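Shown here is one chain on its own, the form predicted on its own, set out as structure tokens.
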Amino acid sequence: MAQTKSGKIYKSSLAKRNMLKFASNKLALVGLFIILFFTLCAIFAPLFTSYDPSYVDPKVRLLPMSSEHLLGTDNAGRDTFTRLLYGGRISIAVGLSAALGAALIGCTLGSIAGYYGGRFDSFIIYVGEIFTTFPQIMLVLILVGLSGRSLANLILIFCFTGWMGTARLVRSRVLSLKTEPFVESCVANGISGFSIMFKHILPNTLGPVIVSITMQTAGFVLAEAALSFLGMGVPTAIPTWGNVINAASSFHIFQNYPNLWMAPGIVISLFVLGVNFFGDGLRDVFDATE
């Protein structure tokens, strides 16, 4: 009982110290505020606007900013402010879902490769080197061209092309941890390899993995915006931050209606900046405790 209480006290003090460490990082707090602000605005979009983000009304094309249309309307007569709010739902969901999916694949393959080694380890390293030889955006463009444009396809492609970094990170951690006494004790007690990997070793690698997920989320949000701007991402009928910029891609709009491309550009930049600040804060916390 004394050991249990001592363990609880240690974990409590460690968590408190981590929270204080994070709270002392002003940029990390700013990043967290930005993430929460844009996420809540996207979730509660109907509270801030009464327009339909997909409703096309040619009669109100390219209206300037006003009290009725805060950011004006695009070349199809859709309210830009509304599309930014609802587009945040898709863009953030794509970035986070793809980052979590890539992390799941990377953790699984990296754990198996690091623990068992051998041919599977060599195969994972070889495949990872092939993937990293080419820029990720090039692979995504090729796969989107082959599979077609859809929200599900884009998330799956991001997962398929984004797992290598997490796999290498987890593999290196597993290689260093599998020689620790607690792992040798598990082996001596007859615990299966998969149980040792995923119940005992993998939890000790989650700190760097969580940091990696935050950074990948920002990267995938940017990638979705770039692909949608090029007409290769989410179908244009679905409001995303990239599609809002795509609607302002003509030179006439670029020159005469800067609000249509500046607003989504600023939103994307602020969100990605906030995620990076937040990820840097998490990295400082986990580095201090490992």
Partner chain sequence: MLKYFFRRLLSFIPKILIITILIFIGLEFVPGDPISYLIPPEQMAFMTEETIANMRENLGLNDPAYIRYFKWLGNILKGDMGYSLINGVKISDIIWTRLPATIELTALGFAVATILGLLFGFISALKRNTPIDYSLTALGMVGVSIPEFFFGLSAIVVFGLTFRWLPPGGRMTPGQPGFFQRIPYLVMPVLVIGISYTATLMRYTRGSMLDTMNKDYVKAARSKGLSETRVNLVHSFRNAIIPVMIIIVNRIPILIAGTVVIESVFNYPGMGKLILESISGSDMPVVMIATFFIALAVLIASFLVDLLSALLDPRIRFGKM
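For clarity, every value in this text was computed on a predicted model and none was experimentally measured. Numbering follows the first chain given and starts at 1.
Note that the form predicted in complex with the partner chain isn't included here; everything after this is about it.
Student: Please determine whether I268 contacts the partner chain in the predicted bound form, using a 4.5 Å cut-off between heavy atoms.
Tutor: Yes, I268 lies within 4.5 Å of the partner chain in the predicted bound form.
Student: Would you classify C41 as touching the partner chain in the predicted bound form, given a 4.5 Å non-hydrogen atom cut-off?
Tutor: No, C41 stays farther than 4.5 Å from the partner chain in the predicted bound form.
Student: Taking the partner chain as it sits in the predicted bound form, is F48 in contact with it (heavy atom to heavy atom, 4.5 Å or less)?
Tutor: Judged by the heavy-atom cut-off of 4.5 Å, F48 is well away from the partner chain in the predicted bound form.
Student: Within 4.5 Å, heavy atoms only: does Y126 come near the partner chain in the predicted bound form?
Tutor: Heavy-atom contact with the partner chain at 4.5 Å: present for Y126.
Student: Which listed residue (L206, I191, M215, L175) meets the criterion of a heavy atom within 4.5 Å of the partner chain in the predicted bound form?
Tutor: So the residue touching the partner chain in the predicted bound form, by this definition, is M215.
Student: For the three residues L29, I35 and F158, verify that every one has a non-hydrogen atom within 4.5 Å of the partner chain in the predicted bound form; reply yes or no.
Tutor: Negative, none of the three is within 4.5 Å.
Student: For the chain seen here without its partner, which of 176 to 184, 127 to 135, 91 to 99, 196 to 204 has a heavy atom within 4.5 Å of the partner chain in the predicted bound form?
Tutor: Stretch 127 to 135 is the one.
Student: Within 4.5 Å of the partner chain in the predicted bound form, which residues of 230 to 244 have a heavy atom? Give them in sequence order, or say none.
Tutor: L230, M232, in sequence order.
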